[in-house]
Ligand code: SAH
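We begin with a single chain expressed as C-alpha cells, specifically the form predicted alone.
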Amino acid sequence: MKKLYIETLGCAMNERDSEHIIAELTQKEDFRLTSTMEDADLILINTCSVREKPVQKLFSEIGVFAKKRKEGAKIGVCGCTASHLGEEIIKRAPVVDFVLGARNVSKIRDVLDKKGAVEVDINYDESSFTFGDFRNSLYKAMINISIGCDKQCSFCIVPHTRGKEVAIPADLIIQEARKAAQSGAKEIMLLGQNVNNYNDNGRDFSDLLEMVSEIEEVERIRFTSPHPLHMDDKFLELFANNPKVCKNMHMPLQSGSTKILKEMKRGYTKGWFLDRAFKLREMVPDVRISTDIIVAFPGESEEDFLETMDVIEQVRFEQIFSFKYSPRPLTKAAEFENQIPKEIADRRLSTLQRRHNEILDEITDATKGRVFEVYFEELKSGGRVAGRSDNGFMVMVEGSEELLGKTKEVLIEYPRRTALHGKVID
C-alpha cells in the first residue's frame, strides 16, 4: 500500500475536509495514513487563506517537503489558498503535482495521477456527495451542515475560496450523525461558516439542533461558527433549554465600533451584539462565550478601538481569538484607504490581549473548587487525560485510556489559562 501524509492548516472545516480526503484515499484507493512525511508517497497540504501568515507558510512548507520527500513522492496543495491562487501555486512551486480547491474535495481521486491538474471551481456543489467515513477521534464527530458563505464581509476572503452558501440536506446530516454516534462518538460538532443561517426547505438551525438531539446515543452537541446577526430569540432559547446543546457559544464580534462594523459589512451594531450577549448570560448563567476580534481595521480610530475594549469589559469573554487586520486579496477592505500603521496595530493588539489576560485570570481563578462534568476525549503525555466541560473549558486529570469516551465529575484544583487541572470525584 502507498502512504499518505497530510498537513492541515486553519479551521475546523479544514480538519473535516482533511478527514474526507483521508477517507477517499484510504477506502477507495490503496493508501494508508502515515505521520512521517519522509515515508509518504503522497504529501498533501490543506491550506488556509484567512490571514497572510498561513499563505506564507504554505510555500515554506512546500520547500521543506520537496527537499525531504522520498524519491517519486507527489505533493498536492488543497484548501482555501488552493482555491484563490490556483495554477499560480504550480508556477511558483513547480514541484507541486496538483492543486485542489476547498470546494472540490470530492475530486481528490480524479487529480491524483494528473500532473499539473488544477481543480478550483468555487461554484461546484458537492453538498450531496457521499464521502467515505474517517474520523481522527473515536469520541467526537465533526459534521458539515453547509458549504460556502453568502456574507460579503469586506475583510474576508472565504466567499472567494469556498463559494456561495449551500445547505447540506438535513436528512443526510442526521444520517451521518446517527452513524457516528452508533460507532461511539457521543459528541457531535456541527460545522459551517454561519451555522445559524442554515435553512433546508424551511428547517432552520434550531430545528436541526432539535433533530440531532433526538438521536439517543448523542450526549453533547457543539457547533461553530454562528453569526451574531442570526442570533434570534428562537435560537437562544433552544441553546439555553436543550440539555444536549453544550453551553459554549462562539460570538464573532470583530469590532466593538458600530462605525467599523458597518465598514466591515457585518450587518449588526454594537448595541445588537451586547443585547444578544447579555440575554445569553441571563438565560445561561454558566455560559462560556468566545469571540474573534480584528484590531486596526482600515480607518479604525482610537475611539473605535476603545469601543471594542468597552465590549470586552462588558461581556468579559472567556476566550478571545485576536488578530491585527491582514489585507487579503479579492476583498474590498484591501482597497480601503487609511490602512493603520504597524506600530499602532501592534500597540492595540498588545493592549487588548494584556487586558483580556487579566480578565481571563479572574475567570480562571474563580473555577478553583468547582465541579464540572467533563467528557474525556484525548490522552496527553505524563499520564494525563483531557476533555471538555459542558461549557467548553479544557480540563485535565491524571488517568488512562479507560476514561476516554466517558463523562465524569471533576473537582478543579489547579486552574490555569490554557487548561483546568483537577481530579475525578465520581
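A quick note: this is a predicted structure, and the numbers were derived from the prediction, not measured. One rule holds for the numbers: they count along the sequence shown, beginning at 1.
The form predicted together with this ligand is left out here; the points below concern that form.
| said: For the interface check, one of 282 to 290, 320 to 328, 199 to 207, 83 to 91 should have non-hydrogen atoms within 4.5 Å of this ligand in the predicted bound form; which one? | reply: So the stretch in question is 320 to 328.
| Exactly one of L100, M249, I294, I188 has a non-hydrogen atom within 4.5 Å of this ligand in the predicted bound form; which residue is it? | None of the other options qualify; the answer is I294.
| task | Taking 4.5 Å between heavy atoms as the contact cutoff, choose which of S257, Q193, N144, N104 touches this ligand in the predicted bound form. | result | Only one listed residue qualifies here, and that residue is Q193.
| request: Using the partner position in the predicted bound form, report whether S225 sits within 4.5 Å of this ligand, counting heavy atoms only. | output: Close contact exists here: in the predicted bound form, S225 approaches this ligand to within 4.5 Å, heavy atoms only.
| query | Does this ligand come within 4.5 Å of any heavy atom of C156 in the predicted bound form? | reply | Result yes; C156 sits at the interface with this ligand in the predicted bound form.
| message | Would you classify R370 as touching this ligand in the predicted bound form, given a 4.5 Å non-hydrogen atom cut-off? | response | No - in the predicted bound form, heavy atoms of R370 and this ligand never come within 4.5 Å of each other.
| query | Would I45 count as touching this ligand in the predicted bound form under a 4.5 Å heavy atom rule? | reply | Contact with this ligand, no.
| message | With the partner left out here, which residues of 16 to 50 have a non-hydrogen atom within 4.5 Å of this ligand in the predicted bound form? | response | Heavy-atom contacts within 4.5 Å come from V50 alone.
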